[in-house]
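What follows is one chain in structure tokens, specifically the form predicted on its own.
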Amino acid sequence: MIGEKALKGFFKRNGLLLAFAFFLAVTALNAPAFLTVGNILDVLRQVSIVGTIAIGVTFVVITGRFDLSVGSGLTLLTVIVVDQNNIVGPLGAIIMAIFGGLMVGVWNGLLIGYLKFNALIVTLAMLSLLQGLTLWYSGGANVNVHNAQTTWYAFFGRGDLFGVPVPVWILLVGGAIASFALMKTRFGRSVFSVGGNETTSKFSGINAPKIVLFAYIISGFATACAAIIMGSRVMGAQSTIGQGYELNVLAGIILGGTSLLGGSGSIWRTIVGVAMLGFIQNALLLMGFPYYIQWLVTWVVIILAVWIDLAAKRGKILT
């Protein structure tokens, strides 16, 4: 028989997943359309943008830092990639968006990794800067892709491959590459080491500032990829299109079990966490709850997940 201690350990590790499974069952009974193939693919397409960003931010959080600038970064880069589609074409626009995301990551990484500025303050300041740059660039006006019906750029956000939305493929392939880098390479081991104990990692020969810098570069690159998907899906952009995404990204990462204290986490668990949040929000809408309830539930999920994480770290959960 399974021992009591082992059973408690199982529930401690998988409590949120079990609660989510129960939630899915209850929702399916009250909203028959919830677990249909069409709805599942729609939800996965929707969460692919948040998930793509979350892949990059997971590296940052594992180092023990934060990146709250990704929502504004998504806004600016989406505006750029959409507007530049009409000027230099899709390829040039994509290159510009990726370059912009990398530059944001470099700047954040230099200030936080090498100059030792507080990550929360730096990324909040970057959030404000990027929002200002968006308004300056666009003049506050909406931008749209002129040849939305004929451009190959639509493939990234609206296309399907083997019956699965292309954004979902991008999320899964990106997740596989990121997971390999995090779990199977020296760089990945260094990310965990810096987050677990930065002082000790230095004595192990790890260049902590460089690891932090590259973590933010990865976050910036992931945000640029998400902006390419967003622009392709909407074929337009507004100066508030990425508003609130940093909250959903952080919620998905926390829900996936990545510790806010650094040193532990998983790319695939982040993707599962983002998907869980997406299905919860979708279920609330299907059951007729007002849209604002999503934000209240997201708050509850974040608080609960953070409490579990901190309690587990401090050994306050009974075993």
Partner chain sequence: MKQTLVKITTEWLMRNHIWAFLFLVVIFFTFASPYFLSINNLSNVLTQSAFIGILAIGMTLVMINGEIDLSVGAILAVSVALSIGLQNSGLGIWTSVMLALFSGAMLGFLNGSLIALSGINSFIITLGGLIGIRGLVFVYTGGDALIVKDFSYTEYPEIYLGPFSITAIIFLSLIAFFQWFLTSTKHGREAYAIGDNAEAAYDAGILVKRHVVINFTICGFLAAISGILLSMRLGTAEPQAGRIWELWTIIAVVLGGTRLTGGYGSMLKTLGGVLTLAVVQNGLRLMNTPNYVELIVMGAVLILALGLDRLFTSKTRENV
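Note that this is a predicted model, so its numbers are computed, not measured. Rigid core: the largest C-alpha set superposing within 1.5 Å between the two forms. Residue numbers count along the first chain shown, from 1.
Quick note: we don't show the form predicted together with the partner chain, though the next part is all about it.
>> Between Ile254, Val61, Ile55, Val47, only one gets a heavy atom within 4.5 angstroms of the partner chain in the model of the complex; which residue is that?
In response: Of the listed residues, the single hit is Ile254.
> Of Leu286, Leu41, Leu260, Val26, which one comes within 4.5 Å of the partner chain in the model of the complex, counting heavy atoms only?
Replying inline: The residue in contact is Leu260.
>> Quick check on Met103: any heavy atom within 4.5 Å of the partner chain in the model of the complex?
In response: So Met103 does not count as contacting the partner chain.
>> Check Trp307 for me: does it contact the partner chain in the model of the complex (non-hydrogen atoms, 4.5 angstroms)?
In response: Contact check for Trp307: yes, within 4.5 Å of the partner chain in the model of the complex.
> With the partner left out of view, is Ile177 within 4.5 angstroms of the partner chain in the model of the complex by any non-hydrogen atom?
Replying inline: Taking the distances in the model of the complex, the answer for Ile177 is no, it never comes within 4.5 Å of the partner chain.
>> Residue-level question: is Ile280 within 4.5 Å of the partner chain in the model of the complex, judged on heavy atoms?
In response: No, Ile280 is distant from the partner.
>> Just to confirm the contact call: exactly one of 216-224, 159-167, 114-122, 144-152 touches the partner chain in the model of the complex at a 4.5 Å heavy atom cutoff, so which is it?
In response: Partner-contacting stretch among the options: 114-122.
>> Please tell me whether the candidate spot formed by Tyr291, Thr298 and Ile302 is one where all three residues come within 4.5 Å of the partner chain in the model of the complex (heavy atoms).
In response: Yes, because Tyr291, Thr298 and Ile302 each have a heavy atom that approaches the partner chain to within 4.5 Å in the model of the complex.
>> Rigid core superposed, CA of Leu24 - does it shift 2 Å or more between this form and the one not shown?
In response: No: Leu24 shifts by under 2 Å between this form and the one not shown.
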